[in-house]
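One chain comes next, on its own, written out as structure tokens in the form predicted on its own.
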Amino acid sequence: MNFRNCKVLGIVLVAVLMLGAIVSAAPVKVTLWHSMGGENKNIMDGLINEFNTTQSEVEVQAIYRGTYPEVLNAAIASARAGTAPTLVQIYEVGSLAAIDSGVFVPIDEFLTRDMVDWSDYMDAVFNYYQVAGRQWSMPFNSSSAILYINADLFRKAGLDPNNPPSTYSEIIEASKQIVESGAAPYGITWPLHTWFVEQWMAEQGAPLVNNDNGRSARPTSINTDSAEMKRIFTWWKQLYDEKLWINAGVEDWDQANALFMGQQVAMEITSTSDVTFLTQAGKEAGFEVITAQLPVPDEVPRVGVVPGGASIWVVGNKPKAESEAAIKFLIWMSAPEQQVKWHKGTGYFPIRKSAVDLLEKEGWFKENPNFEVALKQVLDTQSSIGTQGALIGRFQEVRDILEEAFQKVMGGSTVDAALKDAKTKIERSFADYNSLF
């Protein structure tokens, strides 16, 4: 073999090796920490597995890291230790803490207008995660609070399940009829969780805190002394005092569901994320479950709800390739087709208008009306300071204090005294948090 042939062969071999290296290049690894447990975790794992197997550039590893507060705290601590994941699922009320931590970067640093059409996202959801003109995270699992009804127990009590109670007084009257008829020991339940209080404040068009619900500046005062807040606690107290509402426990979602599934109550207020589970579980237990909008105070126009659930945040100071890979995944995960699968599997409402269009075209909501209630509730929400949701640095602490306030009410305290004490504690927390910035 002459020199020229050797040279050509060498070039060919190099080319083959380079091509092989390109073909076999390892995908960029992206780590996601999340809080989805149970069947919701299975649905999420299924979507991520689909993403991983339908392309070879990015490999996402999803890790369950506990409750929403636990994930947020772990992410901030790990970032400071240099061991943070690429992406973190953070519940809606963790937004200001996430921003102030300095750990995350706004998602709009990576997304250009030709990469994502923000106008296709639900207005209420998009507005929640807009802070000071920046889009901080990618909306993902969005929920709202709705009313679940055991239609069989309603009929047994002489009530019409197709005409569900929609106001505070109607909830009281329906609960009385349920108990007095012997249909169930109690009328209604929900976890002792002040997420519902936040929703009822928004439904009345009232901000939870000052400074435009914390949107124009960090809050310094909470509106626990407002007529709107007292209206909520007074009604809740009446339900408790008259043994119409049963306490499922502080933030105990599972126990509230157990009381409803055990037919100890005919009504439950909980997240739309349980639509799939409760509807199916009702069928298996032999009774019909119907959903309805969140009941609101009497003679108060219904304004709308604050999106619950969570969004996905991008951790800063990561290699460019890793961040870009994460964005590819987020764009795929929020695409209409994936949102349809997520909605059907969990009950979280779709965050994309185009996903709703797909569901309507196939007749999904006509066949599954329970899934439409939360969506309609969000679509009907009016844009306001109250419905945009509050930004609070230590939001979980605020929830804890308000939950303690209602426990004091159950223990004999007046509503005014309990809320006054809560206001003092919460505003002390605000002052302490604000002193850090």
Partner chain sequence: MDSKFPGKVLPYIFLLPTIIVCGMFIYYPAAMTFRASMYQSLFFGAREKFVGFQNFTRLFTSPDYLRSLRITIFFAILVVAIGLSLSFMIAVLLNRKLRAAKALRISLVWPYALSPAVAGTIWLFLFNPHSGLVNYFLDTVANIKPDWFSNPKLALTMLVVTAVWNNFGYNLVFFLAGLQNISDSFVEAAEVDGAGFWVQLRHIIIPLISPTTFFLLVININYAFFDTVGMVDVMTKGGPANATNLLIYQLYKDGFQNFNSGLAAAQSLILFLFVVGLTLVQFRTTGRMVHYGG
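Numbering follows the first chain given and starts at 1. Just so we're clear, the structure is a prediction, and the values are computed from it rather than from any experiment.
Below, we refer to the form predicted together with its partner chain, which is not included among the displayed structures.
Comment: its partner chain is not present in this chain, but in the model of the complex one of 321, 77, 132, 217 has a heavy atom within 4.5 Å of it, namely 77. Screening 171, 246, 84, 145 for any heavy atom within 4.5 Å of its partner chain in the model of the complex leaves a single hit, 246.
Contact with its partner chain in the model of the complex, defined as any heavy atom within 4.5 Å, is confined among 380 to 388, 37 to 45, 401 to 409, 51 to 59 to 401 to 409. By the 4.5 Å heavy atom rule, the three marked residues 123, 357 and 372 all fail to count as contacting its partner chain in the model of the complex. Contact check for residue 275: every heavy atom lies farther than 4.5 Å from its partner chain in the model of the complex. Mapping the unseen interface onto this chain, residue 240 counts among the residues with a heavy atom inside 4.5 Å of its partner chain in the model of the complex. Among residues of the shown chain, residue 166 is not one whose heavy atoms approach its partner chain to within 4.5 Å in the model of the complex. In the model of the complex, no heavy atom of residue 338 sits within 4.5 Å of its partner chain.
Residues from 418 to 437 that approach its partner chain in the model of the complex with a non-hydrogen atom closer than or equal to 4.5 Å are 425, 428, 432, 433, 435, 436, 437, in the order they occur in the chain.
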